[in-house]
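In the form predicted on its own, a lone chain appears below as structure tokens.
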Amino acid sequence: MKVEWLRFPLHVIVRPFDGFWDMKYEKKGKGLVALLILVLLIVAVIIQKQFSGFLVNFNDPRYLNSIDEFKYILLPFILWCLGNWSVTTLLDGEGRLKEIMITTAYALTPLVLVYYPTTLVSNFITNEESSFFYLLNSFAGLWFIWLLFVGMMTVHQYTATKTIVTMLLTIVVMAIIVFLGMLVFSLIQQIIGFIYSIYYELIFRN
């Protein structure tokens, strides 16, 4: 049974319509597998930025921060899931938050499958062959977008047009969430600074 759980993401990326349908209506998607895919992607991105061949790696290893890379993947993932759930709740989507998260994670599988071998191969390619590195990574990105589109369409039972509209609205909602988060953080900083200023003024007066 556990082997089947691990094989299912491969089935999803090859036959996404059948795979995402089974995920929603036969409950074949597993949260633990989705978490594993997300962790593997985070590790793959960190490894690629640190250990890719010098012909394709323009990052200075001295200034790379693994925690930042962790945030750059995890936060957009969470924002996408929350934003999509918020939009589709208003637009009669059938997907629950858990289903959205699992679907999104499974759609990331091509990135995991491509990033590890391209990172390894990048250390042995010539300058003329470096274009294949970017080609394969771009292919993985397009594959991910296609899977995400099919997954959202299936999990919410939308038409193709409505899926595209909701995905675009999701990006807008993500930007709004980030803006509101920064605004709240700024207000909290100002309140804390105001409290500190009053506290120090009272101390100095006493």
Partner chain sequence: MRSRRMLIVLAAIVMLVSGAAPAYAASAPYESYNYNYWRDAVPSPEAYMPSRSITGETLGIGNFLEPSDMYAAANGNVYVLDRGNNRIVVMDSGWKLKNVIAGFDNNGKQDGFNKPEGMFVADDGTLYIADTENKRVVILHSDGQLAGIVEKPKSDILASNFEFVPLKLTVDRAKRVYVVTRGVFEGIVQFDSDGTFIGFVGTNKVQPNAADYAWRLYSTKAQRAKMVLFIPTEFSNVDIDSKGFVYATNIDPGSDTPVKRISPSGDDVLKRYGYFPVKGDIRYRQMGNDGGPSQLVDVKVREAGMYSVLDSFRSRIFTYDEEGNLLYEFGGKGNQLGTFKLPVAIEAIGERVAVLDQGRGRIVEFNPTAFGSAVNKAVALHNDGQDQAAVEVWQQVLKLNSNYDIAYIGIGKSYLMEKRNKEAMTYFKLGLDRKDYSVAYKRYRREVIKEHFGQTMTVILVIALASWAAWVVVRYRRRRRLISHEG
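This structure is a prediction, so every number in the text was calculated from the model and none was measured. Positions refer to the first chain, counted from 1.
From this point on, the text means the form predicted together with its partner chain, which you will not see here.
Site annotation in the predicted complex: the residue of Val112, Ile125, Ile73, Leu136 reaching within 4.5 Å of its partner chain with a heavy atom is Ile125. Segments offered: 64 to 72, 175 to 183, 22 to 30, 47 to 55. Contacting its partner chain in the predicted complex at heavy atom distances within 4.5 Å is 47 to 55. In the predicted complex, its partner chain stays beyond 4.5 Å of every heavy atom belonging to Asp92. Taking the partner from the other structure, its partner chain in the predicted complex has no heavy atom within 4.5 Å of any heavy atom of Gln157.
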